[in-house]
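Have a look below at one chain only, the form predicted alone, in structure tokens format.
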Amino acid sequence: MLNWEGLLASRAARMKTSEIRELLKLLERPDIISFAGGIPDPALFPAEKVSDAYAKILTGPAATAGLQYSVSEGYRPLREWLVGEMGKIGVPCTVDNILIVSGSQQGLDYLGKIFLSPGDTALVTWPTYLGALQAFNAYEPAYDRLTPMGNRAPESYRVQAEAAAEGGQVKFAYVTADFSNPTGDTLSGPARNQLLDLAEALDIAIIEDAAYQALRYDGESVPPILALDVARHGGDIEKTRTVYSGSFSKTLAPGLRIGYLVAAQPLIRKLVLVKQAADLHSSTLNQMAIAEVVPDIFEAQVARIRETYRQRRDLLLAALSRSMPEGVSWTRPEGGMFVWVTLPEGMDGARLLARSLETEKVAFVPGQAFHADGSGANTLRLSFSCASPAMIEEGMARLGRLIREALADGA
């Protein structure tokens, strides 16, 4: 029998199973109350509008185009619509600044591939999006902590020195600026500017994961990092260092697998070459369907999602306040899909999950997986996007009871 492991590249050792993808299998069990998967509520998908769009495309003169090979950059009418949307959030650009990808996860993989050599350093928050770590891990980077923004000048020199000691260099800072996965936190305007200052001091790129940017429920909107970067350069996106990663997964439907990257043209041109080597182009048919529906329904669709998720967030926060014992704390996000819970010191989220699935039948994601350094054992992530009011109330009552029992047992 062939020893497959012996033939694999060294990077394969850093590829780990996603705890979240494994936990999604629990959604099939009717006895489990799940707050694990950060997935959109399928009841909110604009299924009828998308179905009508496919029917129109496949029965009209564009049917052949929808089924044929296409350009790697993406369907031009969709990119033109995105130019208008980016302008609304302070990012003047052209279609040549936009690359369509097969979901923002593919975009992160491309960015890891184009930036990272083995031993290079990526700056990430503790915790950070697990999918980003999975995408970057294949390219064998080191990670350094992107701490809360403050006076970072001394930090920039330390980061450079430590990266050089590893035989590489700092390449980028990765951050979800709005309603991050997993914490739900949002970077303030001053913090975003301080991150730009740090990136300029290190002469590195910023990857701004904006998957949840449209899902603000309250509070004041903060300009995207790319918008602040453009403003620093007199409105010229070609002088910026920020890559904006957007997606239709949270606003339309994740099954369409359409995302996009927005950046200066020299980087987009290089990313096009990466895409040509990977999959030639993203689904033309899906791009055409999105381009067909978004002019008419996008604003109303996003408003509907915001209202639904806002109500569920409020219910979850209220249930946590009623049900959690002293010593447990949590974030209060202004948008997105997640609440981050910090357990008393010494409690382990993974052990708590195993106990929960056995006794209380409540699923969540242990927080350690989101930490590049393996810390965060006493944390967990809750998603409210698919939870009904009854699920939230009962689920938090059970989880609170479980945590009290674990505290009593010294677990």
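Just count from 1 along the sequence shown to find any residue number. What you are looking at is a predicted structure, and each value in this text was computed from that prediction instead of being measured.
Unshown form predicted in complex with a small molecule; subsequent notes refer to it.
Quiz item: Would Trp340 count as a contact of the small molecule in the model of the complex, using a 4.5 angstroms cut-off between non-hydrogen atoms?
Solution: Heavy-atom contact with the small molecule at 4.5 Å: absent for Trp340.
Exercise. Considering only heavy atoms, tell me if Lys250 and the small molecule come within 4.5 Å of each other in the model of the complex.
Key: Looking in the model of the complex, residue contacts with the small molecule include Lys250, since a heavy atom lies within 4.5 Å.
Practice problem: Consider Tyr174 of the chain shown here, and say whether it contacts the small molecule in the model of the complex, taking contact as heavy atoms within 4.5 Å. | Solution: Although the small molecule is absent here, Tyr174 would touch it in the model of the complex, with heavy atoms inside 4.5 Å.
Exercise. Determine whether any heavy atom of Arg216 comes within 4.5 Å of a heavy atom of the small molecule in the model of the complex, and answer yes or no.
Key: Contact with the small molecule, no.
Quiz prompt | Which of 272-280, 97-105, 183-191, 119-127 lines the interface with the small molecule in the model of the complex (heavy atom within 4.5 Å) | solution = Answer to the contact question: 97-105.
Quiz prompt | Contact assignment for the small molecule in the model of the complex, among Val243, Ala211, Ile225, Leu111, heavy atom within 4.5 Å | solution = By the 4.5 Å heavy-atom cutoff, the listed residue in contact is Ala211.
Quiz prompt | Listed residue that, although the small molecule is not shown, lies within 4.5 Å of it in the model of the complex (heavy atoms), from Arg145, Arg306, Arg76, Arg257 | solution = By the 4.5 Å criterion, the partner-contacting residue is Arg257.
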